[in-house]
Every structure is written in C-alpha cells, then in structure tokens.
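Form predicted alone, single chain, as structure tokens, below.
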C-alpha cells in the first residue's frame, strides 16, 4: 500500500469530480432494535462468497465508469469489523490497483466495540480512520439499546482505537428512554474528555419496521417527548461548542476540518460515489453528462452474489434534473457552516426556489441567505428536516 493511503492530509475543497467508494458488509452478530439498515445475522452469512462477489463487482465498476483516484474508501454495514483483516486488505488493495488514491485518502471503517481485539489487525490492513459504535457510556443504556457490549468494553475500544488509528470517531445516541437533558450533558462532557477528534451524536429515531417501533406501539417503550428531545439537541450544541467541538453537519462534530469525515462530505456535497455489497447505493456520471445515474445493489446477499457474475447486481435509474436538485437540497443543507450553494446544487435549466418562498424561511429565522448560498440557523437545525423538505418542494414544483 502506498504511503499516501496511510497519512491523511488537509482536505481539498469539494469538486464534482471527486469519487468515493462505499463497501457494505451486511452481517451483524446481533441486530440492534433501532436499526433499519440492510443487515443480516452473521451466522447465516457466507463471507468468502460475498468477498469474492464484491471484488468482482469492483472490477466491473472500473470498467463501467471513468476510473479516477478515490478520495475516500469506507466500510459500513452491518458490522464491517466482523470482516477478517485479510479481507479488508484485499478490498483496499484491489481499489488502489483499479482506481488509485488521492493523496491523504481516507480509509474508514465502522467498528463494534465487541470486536475490539480485532482493531490492531484492521489498522494493519490499511484502515486509517475508525468509527466506533459506542452508543452509550453506561451499562443500563447499552442493554436498553440492545447492544452486545458493556461500558467497559466501549471504553477499552476507544483506548485501543486511539493507539492504532490516526483518526478516531465514535457514535452516541441520545433522547433515550428515561434520559434527561442533564444526564445527557454529563455523558457528553465525559465523551469529549476522551480526546477523539470526531463525534457523531444522533437523536434516537424510531424507524418503521424496527423492533423499537413494535415495542413503542405496544406501549413498552416511551422515548422523551419532542420538547425534551429538543432540549437535548440544544444541550448538545452548547456543550460541544464550549469545548471547541462544533457541529459541521447537523449530527456530526469535529475539532478541526481535518477531523471531519471526508466520505460523508462527498455525499453532502454531491460528489460521485460507488457502492459495492448488498443494498449499496451509488451516484455517478454528474461531471460527464450533466445528470446523474442512481444505482442500487440487490438487497439479499445470496441474490447479490449470484448476480454479480452476470453484471446484473445493480438496478439503475436516470435521475432527472428535478430529482438531482431535490437530492442536493436534502443533503447539502445539512452542512452547518458551508450550507447549500444553489449555484452548484441546481442543475442547469432547473428552476431555482422562488425568492419569496426562500425569504419566508429567512423571516422565520430558520435559514440565512447570502447571494445563492443558504445555511441553517441555530434554530433551523432543530427543524432541519422541515426546512429541507420545504426547499425540496420549491425546486420540484
């Protein structure tokens, strides 16, 4: 592996030509009750077959699009820390051979603290940024969230990660059942004290079809109400900002620009990415054609493995200018400081939002506007989904 893959450098600004690679590893030792991702129990998986299919899929992608150096390579899931380090290394090496890497390429992986003994091997495989699914710092909360690690394992995983990776992030979930804003503030202060460069702080959302949704419908789960959840969001912004850990995206906080997630910024900024693995999504072709193609891999691992050989593992959809504009609005608005640049978000020929309608959102204190750049205000972040949906309606009407 080249030295460039091991030493991240300051990130260049967004360009439409940047390319990311997402690898979806769908297997989990235990499926969390709040998760609505495309995941499957690891005991039912055939990892060798899936790895071979993903490598073959990657070969096809190199023929399908104009190869260019990757700005990021990200292992998500599922639980990609269940992958053998040799399998991780094989994907990284194939990607470098086929596409090459930008200087300072980010090679990230999402890990479960339960696999903390594997972290050294994952680092040796070539991963330089680790994201840990810590989720909570006390045993009672972890049990309620259905996690398969306890607080001691989470803390040990953070320590091991900081000794093995150049960049470390971890996730926490707040607005949990029975949690108060004061308790969340104390937990957040403790998390910041561990000294990592990045935190992903997600408000618990009860997604349709999840075990938590069924539990709530039975009356066995009562998350905090909207007002309490809003108080915790406000507390999150106050505590993180006071420690030099501001939000750069609605739910993501970083000490410096270099600590921010390159891979996620590619999504938010509208760059191209390719996805391999069951259920992975891709967006390609914007720079070359002025429009984008959406790709979605088959969901079931067995179907994906079977169809890769014939090149039929991905369904495609040509995105209209309207589709692309809506998607760019929904994603780009989440960036707190950079916001949404309408000049680049709205494809040529697409009608921009009506100035009067945008002015209404400004008057409500939800956004600011300077020329064609729109940013969420502090108040607007509380209503990010509403604002994004409103602007999306304006560009699609």
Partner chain sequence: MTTDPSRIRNFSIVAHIDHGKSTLADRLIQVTGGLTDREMKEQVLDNMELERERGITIKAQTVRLHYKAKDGEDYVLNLIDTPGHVDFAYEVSRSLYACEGALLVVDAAQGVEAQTLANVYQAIDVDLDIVPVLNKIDLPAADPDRIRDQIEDVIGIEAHDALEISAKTGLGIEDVLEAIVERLPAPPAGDPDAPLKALLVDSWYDTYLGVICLVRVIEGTLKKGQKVRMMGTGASYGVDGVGVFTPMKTETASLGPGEIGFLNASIKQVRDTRVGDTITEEKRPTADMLPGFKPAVPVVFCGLFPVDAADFEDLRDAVERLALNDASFSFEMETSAALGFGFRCGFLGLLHLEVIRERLEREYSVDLITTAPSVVYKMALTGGSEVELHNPADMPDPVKIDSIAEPWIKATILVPDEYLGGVLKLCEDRRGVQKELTYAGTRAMLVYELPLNEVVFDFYDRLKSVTKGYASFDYQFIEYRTGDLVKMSILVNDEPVDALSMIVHRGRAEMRGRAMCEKLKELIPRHMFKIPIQAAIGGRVIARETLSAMRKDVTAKCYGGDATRKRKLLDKQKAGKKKMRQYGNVEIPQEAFIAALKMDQD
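Residue numbers count along the first chain shown, from 1. As the structure is a computational prediction, the values presented were derived from the model and not from experiment.
There is another form of this protein, the form predicted in complex with its partner chain, and it is not shown here; the text below is about that form.
> Candidate spot 226, 234 and 330, all three in 4.5 Å heavy atom range of its partner chain in the predicted complex?
Judged in the predicted complex, 226, 234 and 330 all sit within 4.5 Å of its partner chain.
> When its partner chain is placed as it is in the predicted complex, which of 367-375, 38-46, 53-61, 330-338 ends up with heavy atoms within 4.5 Å of it?
Going by heavy atoms within 4.5 Å, the stretch is 330-338.
> Go through 72, 252, 79, 131 and name the one with a heavy atom inside 4.5 Å of its partner chain in the predicted complex.
Contact with its partner chain in the predicted complex is made by 252 alone.
> Check each of 124, 238, 205, 312 and return the one that places a heavy atom within 4.5 angstroms of its partner chain in the predicted complex.
Among 124, 238, 205, 312, a heavy atom within 4.5 Å of its partner chain in the predicted complex occurs only for 205.
> Does any part of residue 395 reach within 4.5 Å of its partner chain in the predicted complex? Heavy atoms only, please.
Residue 395: no contact with its partner chain in the predicted complex.
> Against its partner chain in the predicted complex, would residue 385 count as a contact residue? Criterion: heavy atoms within 4.5 Å.
Output for residue 385 is yes: heavy atoms within 4.5 Å of its partner chain.
> Find out whether any non-hydrogen atom of residue 118 is located within 4.5 angstroms of its partner chain in the predicted complex, and reply yes or no.
Result no; residue 118 lies far from its partner chain in the predicted complex.
> Flag residue 245 as yes or no: does it have a non-hydrogen atom within 4.5 angstroms of any non-hydrogen atom of its partner chain in the predicted complex?
Although its partner chain is absent here, residue 245 would stay clear of it in the predicted complex, with no heavy atoms inside 4.5 Å.
> Heavy atom within 4.5 Å of its partner chain in the predicted complex: which residues of 266-283 meet that condition, in order?
Heavy-atom contacts to its partner chain in the predicted complex: 267, 268, 273, 281, 283.
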